[in-house]
Ligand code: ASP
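Only one chain is given next, in structure tokens, and it is the form predicted alone.
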Amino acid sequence: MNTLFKSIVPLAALATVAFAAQAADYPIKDKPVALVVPFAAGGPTDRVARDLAEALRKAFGGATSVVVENSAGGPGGLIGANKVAKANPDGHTLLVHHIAMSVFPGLVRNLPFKVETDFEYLGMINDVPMTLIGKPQLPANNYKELMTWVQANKGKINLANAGMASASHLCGMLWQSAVGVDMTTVPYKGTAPAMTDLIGGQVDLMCDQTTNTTSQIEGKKVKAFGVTTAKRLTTPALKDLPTLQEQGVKDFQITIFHGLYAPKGTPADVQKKINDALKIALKDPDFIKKQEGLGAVVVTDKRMEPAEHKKFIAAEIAKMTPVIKAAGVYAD
């Protein structure tokens, strides 16, 4: 027993020293920090992550590169999220994810991880409004005309989304419920192909993040019918677009958010270094300008703190789970 005890103690001491050294050396030179995006390239979360990668690189003082790694698949980006949950907790594999983190517990019956305990919360990134948009061929030019068209075409309307548990799926589901009209939901493998088919007229409507729709609205490639915020946006391309709420959709507000996560067990000192860099990145003028240009609002409140980030997600899970179960939507 004494021999065993003597062999265990040095090993434990070595592990402690290794963790301390890892934290002191983080980020490791010449080892990129990967921001895993659980969706295909070109989508709204991908755009946020790519802007953040550059801001984080500067915040780390150029000590290492920060790269975006797309790992798409599964409802709500489940495959990419699970990849990070199971990754080496050294701070070099991080997850950039949106509202799906609050949707997973109510939606996925065999969830391979626990959202609240299998990740380290590193801070929120931004809040992103949604926009209800339609194909350019629609006869409607405003929300009132859209609803007249919707009522006249019940059972014939196709509503696109970027896939099960995506932000666009959630928004579309809530809007259908709010207006009391069932539509044929058409899921795609990502926002980009859904937008392509919407522009081409293969589908009728979509509710998606401003990070993906602003340029399309500005270029008049789609028709815009409203934003999902309580107040109108200040983004030049969207400032004249009414809210859905002011156009009669009672209490309809939905904002998508993005946060930064690490695998459970990432050393506390490493977590702090990442959070410190994130706070610097969120104040980067270039990052703020790019996000504002897409209609996104960079987080400046207490949700930048890991504990408040985790508290916020817990509250969102409590809010979203009953909505999802009431809708009877689930995934295995």
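Only a predicted model underlies this, so the values are computations on that prediction, with no experimental measurement involved. The numbering used is simple: start at 1 and walk along the sequence shown.
From this point on, the text means the form predicted in complex with aspartic acid, which you will not see here.
Specify the contacting stretch among 83-91, 159-167, 136-144, 106-114, defined as having any heavy atom within 4.5 Å of aspartic acid in the model of the complex. Of the options, only 159-167 has residues within 4.5 Å of the partner.
Give a yes or no on whether each residue among Thr45, His98 and Asp208 has a heavy atom within 4.5 Å of aspartic acid in the model of the complex. All three within 4.5 Å in the model of the complex.
Please determine whether Thr131 contacts aspartic acid in the model of the complex, using a 4.5 Å cut-off between heavy atoms. Answer no; every heavy atom of Thr131 is more than 4.5 Å from aspartic acid in the model of the complex.
Do Ser102 and aspartic acid come within 4.5 Å of each other in the model of the complex, heavy atoms counted? Answer no; every heavy atom of Ser102 is more than 4.5 Å from aspartic acid in the model of the complex.
Classify Pro75 as contacting or not contacting aspartic acid in the model of the complex by the rule of any non-hydrogen atom within 4.5 angstroms, answering yes or no. So Pro75 does not count as contacting aspartic acid.
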